[in-house]
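Next up: just one chain, as structure tokens, the form predicted alone.
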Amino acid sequence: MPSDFLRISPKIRVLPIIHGSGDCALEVRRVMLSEQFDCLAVPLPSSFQCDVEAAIEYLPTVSLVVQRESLPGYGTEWTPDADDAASDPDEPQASYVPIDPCQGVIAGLRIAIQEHMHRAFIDLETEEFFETSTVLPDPYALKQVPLETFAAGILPAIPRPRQEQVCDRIAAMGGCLRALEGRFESILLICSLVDWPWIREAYTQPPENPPEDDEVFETDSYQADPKTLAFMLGELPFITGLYERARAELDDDENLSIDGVKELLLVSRKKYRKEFGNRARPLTPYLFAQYLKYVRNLSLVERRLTPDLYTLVIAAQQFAGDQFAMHVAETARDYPYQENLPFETIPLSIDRARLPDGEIVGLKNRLPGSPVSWRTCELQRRPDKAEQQRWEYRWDPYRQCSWPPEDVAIENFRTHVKDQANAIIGTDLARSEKFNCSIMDGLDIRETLRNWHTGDLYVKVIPPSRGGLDCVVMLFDSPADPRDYPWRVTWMAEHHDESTLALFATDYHRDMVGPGIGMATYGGAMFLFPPRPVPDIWMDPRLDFTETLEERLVAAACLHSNERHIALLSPLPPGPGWRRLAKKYRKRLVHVPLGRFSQSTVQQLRLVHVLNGQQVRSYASHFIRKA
């Protein structure tokens, strides 16, 4: 029978799992709650039992139980495994057990404690632990494949252990199982997927000289720094929190390894929108659908069924920019159930920890899962409040300039709006004529169908427009609240490829992004090209008759434009008041709907970075962050 495949004996059933997997932890829970056992055996030494079980009582708050080791070469004999066990021979080493809700062993012990089941810690006591890990399939396959089939499929690829310590530990666990079999009728062994065939072999073929326990240090319990939980937990801290929330609220948690990623994105989007407001990129359901497809493809390329943090962040950076990617990374490390424990808190790093006395020790996981690869992802960091206040204090109010890449982008957009306005002017002058000998500017389908009964063809005639365009007005936020846009300035062009620019925007002092770099958001702007000097429109008394910021820009455009037409980019067409204002100056407003352009592009163009002098341009790219 398939259910007998994972039985070592009639009294012992094996549950091989991948450590650190939430899907395997759910499988442990399913088996333990659906069958009856009177003893749970776990692959941990007995020296950990007291502190591990005490720390489990504090779940869902995460902690870890640490056991110090002797320095290699001091007080111990050299072994062939010693060179591989420690990357730095002079660095103190320690092994630890993560009290992680998504660890299958911890989940089993948690249920066993609640059900008052006997717990047996059957691993060998080792003074220096040798950590091993093997690349294993994604445990998400357990959603469709029974555990017996999953274990049988991997069995041919499991290598026989060669390290002496690993062989001794397996032999010791086999001997402990034989001893437990005489005391209990139904035993469940939870162990690593790569160890269970050899534990069964050690049970059936006991060694002639059983290994003996080493003398070991006592264990210590610590609380992990909440900011560094990602270095210890098997799943992302955010998804681990979702498993705990589902446990507390009795919700369905069968597909949290995938549904948790979707909730991670929604929470990240909420924080992203809260920080950037109307400057945030539109993260629509369609964009998320494409993002998830891309994440799926990246995961399959790496031979995974579920994405890792690096894949999620890289995809977010490529789809929505650095700032949304930062929110994804920061949300992924959030764990909402961290409370103060009667343990000292230690920060963690990659296989390292700083103990309360300041000593840095190397850490080796007693429940290692698949090997983890750490990769670098470059994101523009977010400055803290202290830095922003220091930068604002050092700002020189007499020096101010723009950032050239943004100048190029907004000038290209101005040219595009001008071309759109010229096309609209030509369309207004178009007429239809009966076809004679030339097709002119193309066949007029509408007029031809209207006169279908006559059998005549009609063509379009678009005469050249009279006059040109030398002024473009862009109104991004209309009607604009003057309290939201206190910064009003007129900038002269630095060279002949730039326009004379008058704008109103948010206060750049409120959003300092670097030393001598502030960021504002356009509310509206007026561009004069070719550039020419004009008085500051915000101080010009000839424009004091206007009442709103937008009206002043339109009036300034009518005053300083040398052409008859003025391009007006705005969400809505100009009202009768603005048209009368233009007629007063013998001008005509050509409306270009803002909805013609991509909203994400417009949101990026609205951002303007103000530099405190041209010397800031040399390092501005290291601090400027795009939303």
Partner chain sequence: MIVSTEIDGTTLQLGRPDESDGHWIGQEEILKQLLACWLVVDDADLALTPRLVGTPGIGKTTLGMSGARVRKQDLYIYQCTADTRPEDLLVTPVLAESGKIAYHASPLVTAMIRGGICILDEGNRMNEKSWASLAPLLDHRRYVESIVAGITIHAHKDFRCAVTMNDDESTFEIPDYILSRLQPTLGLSFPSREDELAILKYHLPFAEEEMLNLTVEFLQQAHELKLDFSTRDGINLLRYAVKRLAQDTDHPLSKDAAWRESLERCLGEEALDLQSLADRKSQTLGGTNVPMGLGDFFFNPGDPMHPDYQDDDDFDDDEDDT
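Numbering follows the first chain given and starts at 1. This is a predicted model, so every value here is computed, not measured. In this text, rigid core is short for the largest set of C-alphas that superpose within 1.5 Å between two forms.
The same protein has a further form, the form predicted together with the partner chain, not shown here; the description that follows concerns it.
Self-check item: Non-hydrogen atom within 4.5 angstroms of the partner chain in the model of the complex for each of C50, Y140 and S370
Solution: No, because C50, Y140 and S370 lack any heavy atom that approaches the partner chain to within 4.5 Å in the model of the complex.
Self-check item: Heavy atom contact within 4.5 Å of the partner chain in the model of the complex, the stretch among 441-449, 289-297, 194-202, 248-256
Solution: Looking at the partner contacts, the answer comes out as 289-297.
Quiz item: Can you pick the one in Q389, S349, T546, T149 that has a heavy atom within 4.5 Å of the partner chain in the model of the complex?
Solution: The residue in contact is S349.
Exercise. Find the only residue in A230, A421, V216, I154 having a heavy atom within 4.5 Å of the partner chain in the model of the complex.
Key: Of the listed residues, the single hit is A230.
Quiz item: Looking at the partner-bound form in the model of the complex, is S9 within 4.5 Å of the partner chain by any heavy atom?
Solution: It does not: once the partner chain is placed as it appears in the model of the complex, S9 has no heavy atom within 4.5 Å of it.
Quiz item: Do F37 and the partner chain share at least one heavy atom pair within 4.5 Å in the model of the complex?
Solution: Contact check for F37: no, nothing within 4.5 Å of the partner chain in the model of the complex.
Quiz item: Any chance K270 has a heavy atom within 4.5 Å of the partner chain in the model of the complex?
Solution: K270 lies outside the contact set for the partner chain.
Exercise. Classify E378 as contacting or not contacting the partner chain in the model of the complex by the rule of any non-hydrogen atom within 4.5 angstroms, answering yes or no.
Key: So E378 counts as contacting the partner chain.
Practice problem: Could you run down 539-566 and flag each residue that has a heavy atom within 4.5 Å of the partner chain in the model of the complex? | Solution: Sequence-ordered list is empty.
Quiz prompt | Cα displacement of R352 between the shown form and the other one reaching 2 Å, rigid core superposed | solution = R352: C-alpha displaced by less than 2 Å between the shown form and the other one.
Exercise. Using a rigid core alignment, state whether the CA of Q599 is displaced by 2 Å or more between the shown form and the other one.
Key: It does, since the Q599 C-alpha is displaced 2 Å or more between the shown form and the other one after the core fit.
Quiz item: Does the C-alpha of P137 move 2 Å or more between the shown form and the other one once the rigid core is lined up?
Solution: Stays below the 2 Å threshold, so no.
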